[in-house]
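Form predicted alone, single chain, as structure tokens, below.
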């Protein structure tokens, strides 16, 4: 029997499951303006997965990268949910480098 698909499926579910608290806590502590950095980390993971020879590790790193890319698109929505009172709001967020430039960009949506 080949358990590769089953194990990768469960691992993917766990990695994506960890993406939800990453978005919630990331927006709460840092704010949605960190989305370009989160997306860059995700793209770097995805590119790194292309060069990993081990199938297991390559898949897991790729899924982790995709989770970061997805999370970067969710930060703005999470900020809206926090403003609506669905999640705790933190007014003292850590400002990102190049904040004035990032504010001019539209946050991505999936």
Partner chain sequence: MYRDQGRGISMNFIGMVAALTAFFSVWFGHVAVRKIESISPTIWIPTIIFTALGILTEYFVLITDHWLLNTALGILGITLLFDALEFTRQQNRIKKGHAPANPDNPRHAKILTEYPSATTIDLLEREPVGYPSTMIH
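Positions refer to the first chain, counted from 1. Quantities reported herein were computed from a predicted structural model and do not represent experimental measurements.
If you look for the form predicted together with its partner chain, you will not find it shown, but the lines that follow are about it.
Item to check | Distance check, residue 16 to its partner chain in the predicted complex, heavy atom within 4.5 Å | outcome: It does: once its partner chain is placed as it appears in the predicted complex, residue 16 has a heavy atom within 4.5 Å of it.
Checklist entry - Hey, in the predicted complex, does residue 84 get a heavy atom within 4.5 angstroms of its partner chain? => result Residue 84 belongs to the contact set for its partner chain.
Next on the checklist: Would you classify residue 98 as touching its partner chain in the predicted complex, given a 4.5 Å non-hydrogen atom cut-off?
Outcome noted: Because no heavy atom of residue 98 falls inside 4.5 Å of its partner chain in the predicted complex, the answer is no.
Checklist entry - Does at least one non-hydrogen atom of residue 10 fall within 4.5 angstroms of its partner chain in the predicted complex? => result Within the cut-off, so yes.
Next on the checklist: At 4.5 Å, heavy atom to heavy atom, what parts of 70-108 sit next to its partner chain in the predicted complex? List them in sequence order, or say none.
Outcome noted: Going through 70-108 in order - heavy atoms within 4.5 Å of its partner chain in the predicted complex - the hits are 70, 74, 76, 77, 79, 80, 81, 83, 84, 86, 89, 106.
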